[in-house]
Structures are given as structure tokens and as C-alpha cells.
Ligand code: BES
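In C-alpha cells, one chain follows: the form predicted alone.
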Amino acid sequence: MHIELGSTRPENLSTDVLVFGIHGKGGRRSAAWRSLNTAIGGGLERLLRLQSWSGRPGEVVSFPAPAGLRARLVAVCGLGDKGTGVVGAVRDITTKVSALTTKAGLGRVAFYLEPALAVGGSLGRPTVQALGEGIENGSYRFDRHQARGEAPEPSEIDSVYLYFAGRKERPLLAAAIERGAIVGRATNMARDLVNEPANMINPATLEAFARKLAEDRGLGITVLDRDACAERGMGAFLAVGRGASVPPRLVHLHYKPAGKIRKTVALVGKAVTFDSGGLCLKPAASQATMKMDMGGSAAVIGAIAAAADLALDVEVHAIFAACENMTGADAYHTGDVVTAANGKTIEVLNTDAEGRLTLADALHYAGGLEPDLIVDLATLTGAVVVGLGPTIGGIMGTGRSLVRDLRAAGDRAGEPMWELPLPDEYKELLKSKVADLANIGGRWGGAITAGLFLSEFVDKGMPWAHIDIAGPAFLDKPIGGRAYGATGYPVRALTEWLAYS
């Protein structure tokens, strides 16, 4: 993708789509906007009023470029009221414009964003990076299993121009756009993995994908098959995969920077590639989207790919225990007692609370690597969706600064998280009559008791955070400009945290 920053007047710029990001209220328009208005003979503000323009953040209206411009389309996009934050708005409008542009088969886009029109404006690294992320995320489509018929082949944006009056900062801002594009591509990688149906992505094919990623990015990779996992005592993880025809395996990807290492992080992702609920069978409607139950593993794969592509100074271990939760002849039973790798026994009161069993052994494995920090990500509980809805993740953990830093990174990246407590008194809800722990804690506080269960498999003193992504990992209907299907949440937040925390 060709990236250029300059101060060309909008009427003189040859492009397919001319994009203006403007504030809804708050004073005079920029000189570039006035120049555009003059070039087309006036009437821009009246045209916006005719289209019921409000200027709210992320709002987009588009129309064929009037005579006097060297563009094919004009898109006017809302940045909200003057003085408000624009990072999220820039990401939203860029995503929408990118989707519009690629669907129309166009490849050149020019952005005129009001905060950028003066040196010292609010167009900093996070805003420009959001622009790059939006370009990639907006061009995403998952249509490989559909016949296109007579529909035109969508294109991808191959040229981006950004108006910026200053000269000294231009190379840094161009690099930020490219950085955002890298993060966007990593997010789309995760989306692809989650969107693929379970007959395409299973433990074997997910391992194959990880091996190819390791080869392409120069990552280390270790794979433990069922026998190797059994030798390590991973009875909780192996129990979940017993009913499936595809054997389980634990995959460990490793990125090590070439220079000085600032910190070492273990990212652990839930990788149940299809969850039928086991013998506690889910209803058919609930099973329909259970291809997404490996969203945690997709997120850690995307994050380690971004870390490698950006050459971050953080050592990253990405770990996932991949299996299917099925109802075959050897499926584990309700009431079984299984033993995890750390020696703790678990009474299985519900075979549909399987993700925490796989994570128990994966977390113990991660702890054995002696990282500085551990973060796990899982589409773990419906309870977190009830509490926080479809676009906000729940976060909890034992590392206070870790949780704080992850939340801050999520806010900057547009992938919000809300902290839930881990009260010791709730551990009583996980007591079993026949084992050390039960795998469920009852009806109330399900997201919290799931987090408390996982904490039993993290060594004391190890900073650890658990992010329940059951809501935002996959949308069953569009919301807030986000499309149906996998979102890649929280690859952007993880990469932001790895790079800047």
C-alpha cells in the first residue's frame, strides 16, 4: 500500500474517494473545506443538511464528486463535536469508507481530517494508527464459500493520501498508518480463523495454520500431542477432547525479539474449535455459532503475528490447547473427576463448562515457562454477555497494574474491557463434595466464579489477567457499524498493550 502525506489542495488531488472528516459543531470549517466548497461552486453545507447530517462520531454520507474535483466520490464523515476525542471516530469512519471503497472496486483514497489541518493539531500516533487499522478492517470480507455470480470483484485500497500541513512529522505519521495496517491485518487473520466453520478449523488444521505462521514469521513452535499431554498430567484438557474423532493437541508459538527484551509475556487462548456442550448438549440454535469458541486462540495467534511483524521488544509465548467438545462414545461424563496438570482434582458438574478445563492445563503449562506476566483470553461464559453486552469484554486478575494497563490499552484501541472482582468468599461456590474443585459455581456470578476457577491454576505471585471475550469476539448481528461475524477482538488491544505498556 502506497502511503503519502502532503498539503495538496483537495480540488487538485487525483483520487478515487475524497474523504473529509469534520466536526459537527464548534466554529469555522478548515481552509481545505472552504477551498473544496469554492471549487464546486458552493453548497456543501446545504448538501449535508439535505442528507440530515448531524456530525455525530462515525457518521458517513457519500455522493458522486461534483464538477471541479479530480475525484470520483466524496465522503463526509463525522468526528463529533470539536474538543472531543477523535481516535474512535477516525477508526469508525475509516472502516466504513474502506468498506464502501473496496465494494465499489476503487483503490485510491485521500483523507482530509480537520484535526490534521494545522501543525500541532490533535492528529497524533493513535489517531493515525487507527486510520491504518480501519483501512484493513473495513476491506475485510469473508465470502470464500459463496459463489460471486455476476457481482464485481471487490478490490483493496492500494493508495492512501493524508493531508497534513507540517513536514517534520510526516515520516512518523506515515509509519503510524503502516503500523495500523499491520495490526489490522493481524486482526483480520484472527477473524478468518473464527469465521471458518468447524469442518475447516479443527485441532489438526489449527495446528497446521500455526506451523505455517511460524515458518512465515520465523517463530518457534512446540506441539504436544495427546500422549505428550498425558505424560504432563493434563487430565482436565484431555477429558474435554475425548469424545471427538480429531485428537487434541497443545500448541506453543514463541516470538523472541532480536535485540534487548523488555519483558516476557505468555498469552493463553481458549481453543475449543467446536463446542457441542458435550453430554450436557447445547440446543441446536446455540450450537450454530460454536465455531467461534476458539476465539481466544485466534486472538493470541493474531497478537503474536503482529508482535513479530512490528518487531516489538517483548518476548511473546502464545499457547492454546486445541480440542473439540463432542458427544462420542468416549466423551467425558457429568460427574467425572479429572486431575489437572498441577495435581488438583476437578468434579465435572457440567460438560458445557469445558473451556476452563482446557485453560487450567494451558495456564499451568504457561506458568512453567516463567514469564513475567500471563494473560488468558476465552469465550468463556454467557454470564459476561448478560452483564456487559456484545461489545465489551470482562477482565479480572491478580495483577493490579496488569489489569489497569490492559484496560487502558483497550480504551486506546477501541476494544473496551470492564473489570470484574475476584472475591475470595466466592471460592466457596466452587467447592466439591468429592474433589478439590467443581467446574461450575452455580447460577449467580458465573463470569466471576469462572475467573476464580482459573486462578487456581496460576502460581501465587504471578501477575495474571483473564479476559472473557464471549460477547465481543463474535457478533450475531451488526452493531455500532461492526459487521456480522468474527471481530478479531482483542488483537488491537493486545498489540497496543505489548507495544506501549
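It should be emphasised that the depicted structure is a prediction, and the values quoted were computed from it without experimental measurement. All residue numbers refer to positions in the sequence shown, first residue = 1.
In what follows, reference is made to the form predicted together with this ligand, a form of this protein that is not presented.
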Note which of N350, Q287, N199, T222 lies within 4.5 Å of this ligand in the predicted bound form, where distance is taken over heavy atoms; exactly one does. N350
Can you pick out, from K103, R404, K282, R211, the residue that has a heavy atom within 4.5 Å of this ligand in the predicted bound form? K282
Please run the contact check for A470 against this ligand in the predicted bound form: heavy atoms, 4.5 angstroms, yes or no? yes
Classify G335 as contacting or not contacting this ligand in the predicted bound form by the rule of any non-hydrogen atom within 4.5 angstroms, answering yes or no. no
Could you confirm whether E136 comes within 4.5 Å of this ligand in the predicted bound form, counting heavy atoms only? no
So in the predicted bound form, is this ligand close enough to G85 to count as touching (4.5 Å, heavy atoms)? no
Quick check for you: of 162-170, 305-313, 390-398, 287-295, which stretch puts a non-hydrogen atom within 4.5 Å of this ligand in the predicted bound form? 287-295
With the partner left out here, which residues of 171-202 have a non-hydrogen atom within 4.5 Å of this ligand in the predicted bound form? none
